[in-house]
Ligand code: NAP
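First, one chain by itself: the form predicted alone, in structure tokens.
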Amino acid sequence: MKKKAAKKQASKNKRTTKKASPKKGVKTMKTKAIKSGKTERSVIRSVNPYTEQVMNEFMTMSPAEVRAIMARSREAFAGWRDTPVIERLSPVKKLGEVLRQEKRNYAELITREMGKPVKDAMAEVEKSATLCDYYAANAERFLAPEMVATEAQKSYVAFEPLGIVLAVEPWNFPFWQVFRAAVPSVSAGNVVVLKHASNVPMTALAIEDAFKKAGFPDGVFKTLLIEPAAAMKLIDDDLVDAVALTGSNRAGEAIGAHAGGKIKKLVLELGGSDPFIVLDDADVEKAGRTAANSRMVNSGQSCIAAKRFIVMESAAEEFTKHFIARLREMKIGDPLDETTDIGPVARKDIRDGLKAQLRDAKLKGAKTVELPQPLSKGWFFAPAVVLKATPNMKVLTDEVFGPIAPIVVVKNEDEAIAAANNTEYGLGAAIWSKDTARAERLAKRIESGFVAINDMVRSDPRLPFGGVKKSGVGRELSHFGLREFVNIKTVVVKE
């Protein structure tokens, strides 16, 4: 969707939109508060990470606007929940068609707003369409009552919607993260209100428009342009019935506290520091190249990207050679160029944080291999490899959300597992070995929600996705994700 289309959509939703002149180095979150009567409304800016120019800016919604949308959503739920499942799935299937028809436009919008290489953005939109296909084909079966044999005449378990689901979603996969939360929810008969990340407002409006084009009734999916505090107020005021969050641990703690205080069902998908374990009998060349690909997913800005490379001593030198060789093959530059592999990071503060993490490693004795910076403009951070990283370095203790790759050398399996589990996170992990039985045995000892053997971690609509420890609560995707936001109701019938 082009800028004019986004502005037209904003006008349709009665939001005050103002075209901004290009500026350098601006923040992408709220920039100022403007008094409107007794309330203060903030400006949310959409900034291109490659050009560093402001593309658009939006006024946040007033409390009155938010209340009106929530009332419409509540009204929509009353009708949507009673719509037969098969009829609810018709617009779900249509939604996948809309995504494919508009794939290039949506991809370019994603790229301009958060910097993802456009070829990856197109793959993200296509994956979101595949998700729609999956639930359109399977949700009726997943939601069918389950009969249970008891002494009663009839006993069964029904799966009924909860109501309004608040989806608080991040910028790094701005389509996929929203669709993987929203599509199962609406398929189950819930309605969804989206509070998207503040640096992707145009994408948030485009997603709402896609739901409209697919034929969903008004109010089944709505975007709220609001600040985090306003999202918390929706929970505190009992205006939503459940919460789905993908985001930082700080956001998860805050959402969890508010939702817990109001006894709201929630699913949290939070940070990750995924280990990528290479054993002494692995295909080291393939492991090294795959590891580089995994680390550079979305320019390193992915919860499930491999972030800590734990390699047995005998394989370390060869692994490092192939890892760095693959990095050198990748093209860094204009994300709208389809040959680009690595674009800028999404925000200036993210780049600044990466610089601090790499500086910390150097101060603590690390040797690094750093690729050259490609351009003077744009929020680029060139890939950097930290050799023989030690446990006290921030590149291992903190989640690194960008293209920094620490390599940890271990002597045996036990050291590898200990290093892998030495983190507060537990989202995904990878193990490389030609002996898959050995790898599966070790997989049982890994504290994570996902283990990939001889592959990189990647989500799939057919498989549940989520983490343990501080990586989250609950699951998304597959039938497990569909049933997170339903009332699992037992019904017993006696004569």
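So that there is no doubt, residue numbering starts at 1 and follows the sequence shown. Keep in mind that what you see is a predicted model, and the values were worked out from it rather than measured.
Here the subject shifts to the form predicted together with the named molecule, a form of this protein not shown in this document.
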Worksheet entry | in the model of the complex, the residue from Arg308, Arg88, Arg112, Lys195 that sits within 4.5 Å of the named molecule by heavy atoms | Lys195
Worksheet entry | Interface residue in the model of the complex among Val165, Ala181, Cys303, Val345, criterion: non-hydrogen atom within 4.5 angstroms of the named molecule | Cys303
Fill in: 4.5 Å heavy atom contact, Glu269 to the named molecule in the model of the complex
yes
Practice prompt. May I ask you to check whether Lys411 falls inside a 4.5 Å heavy atom distance of the named molecule in the model of the complex?
Written response: no
Worksheet item: With the partner left out of view, is Asp241 within 4.5 angstroms of the named molecule in the model of the complex by any non-hydrogen atom?
Response: no
Worksheet entry | Contact of Ser248 with the named molecule in the model of the complex (heavy atom, 4.5 Å) | yes
Worksheet item: Thinking of the named molecule in the model of the complex, which stretch from 321 to 329, 204 to 212, 364 to 372, 399 to 407 has heavy atoms inside 4.5 Å of it?
Response: 399 to 407
Discussion item. Using a 4.5 Å cut-off on any heavy atom, which residues of 161 to 189 would contact the named molecule in the model of the complex?
Written reply: Val168, Glu169, Pro170, Trp171, Asn172, Gln177, Arg180
